[in-house]
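Consider the single chain below, provided in structure tokens and representing the form predicted on its own.
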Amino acid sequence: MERNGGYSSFEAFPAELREYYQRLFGREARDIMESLRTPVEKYYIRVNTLKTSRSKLMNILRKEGLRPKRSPHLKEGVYFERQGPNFHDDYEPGLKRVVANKFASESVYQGANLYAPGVLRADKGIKPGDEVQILDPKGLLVGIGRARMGAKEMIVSTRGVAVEVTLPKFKLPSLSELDSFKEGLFYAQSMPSMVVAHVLEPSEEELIIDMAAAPGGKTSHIAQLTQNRGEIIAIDKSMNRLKKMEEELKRLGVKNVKLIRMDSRKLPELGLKADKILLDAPCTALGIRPKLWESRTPKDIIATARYQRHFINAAIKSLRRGGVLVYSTCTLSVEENEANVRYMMKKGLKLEEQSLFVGSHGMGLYEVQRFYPNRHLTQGFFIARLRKV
């Protein structure tokens, strides 16, 4: 398998998880794991049609120095092509080293600067202006940059850019500083995540509940598809995440969403009967890219699938007869996906075909939609649509 700096793509996954993938995906398992190590080939944003059109936004983005391309599947979809890899896996630049934590390393790996809170260690003698190499905690070279701080300052500072990254392994566009972003003309959202709201088929006459709403991507997309009409209830248990979501909704001009702070496993206590519910369930996130290494094992998969059923039970109780539940995850396991759909079917829900289908069919369930990182050049993702009968 491909060698990737300090460790191979194969070594980035626990042995039990590698065996699980090989049982589940057969020969394709290796390709899936290699794809997960890299950022998505096509980085998607969603045009906010509450404020602009796709053609207008693309013209604005070109003026801002970017090269946007139209999604062939989604009329509100725009993507940018990933640049890189910018250096080979055996490249040894011979520079002083700065070691970043996993989260910061994954950001640097796709073109972000390294901020001081993400620095774990720095070689003595690094001064502002020095060229340095940035490594993840396991020794993988993720980027090269110019130090903005000295070694000691990088370690003790709680804010600010420690290293300005000049050569990341891969390069995705930096969007949050653009005027078009600040004006709320788009939202950065993966292609499978955008498919979810279309599968839900929301309309302004319906009461719609998003059970795990923050940071607000799918909620704001539903609002967009209903043209800011109808009633959407968005639930999350974190006050911090809800505050950030409120700011996002304001940036995007969304006005028909009511935010509720609660554990959505207690949703039936609200006494509502929704026409449609979106459950983007908490999951093991095995499909998220890039993943420099993975620590979860099949035990985590089984525990998470069991945990998800509490949310599923709450959703079923809160859905009116004839109502629709769309269930999605950003993970690859069968236990969190098809097995939980079968659980819902035993609870009296009927699986339905999806109006927008651009992925692959499920494992033993034709109507569900799976996205594979190697086949579809996306995050790993899963979507099912069910009706309460």
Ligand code: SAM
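Just so we're clear, the structure is a prediction, and the values are computed from it rather than from any experiment. Quick note: we count residues from 1 along the sequence shown, nothing fancier.
Another form exists, predicted together with the ligand; not displayed. Remarks below refer to it.
- Contact with the ligand in the predicted complex, defined as any heavy atom within 4.5 Å, is confined among 259-267, 225-233, 105-113, 140-148 to 259-267.
- In terms of contact with the ligand in the predicted complex, the residue from Y307, F181, F87, F80 that brings a heavy atom within 4.5 Å is Y307.
- Taking a 4.5 Å heavy atom cutoff to the ligand in the predicted complex, the contact residue among K218, H198, K276, K171 is K218.
- Proximity of P282 to the ligand in the predicted complex: non-hydrogen atoms within 4.5 Å are present.
- Contact annotation: K237 falls within 4.5 Å of the ligand in the predicted complex, judged by heavy atom distances.
- Under a 4.5 angstroms non-hydrogen atom cutoff, the ligand in the predicted complex lacks I134 among its neighbouring residues.
- Of the heavy atoms in I301, none are within 4.5 Å of the ligand in the predicted complex.
- Contact residues in stretch 329-358 (any heavy atom within 4.5 Å of the ligand, taken in the predicted complex) are absent; none meets the cut-off.
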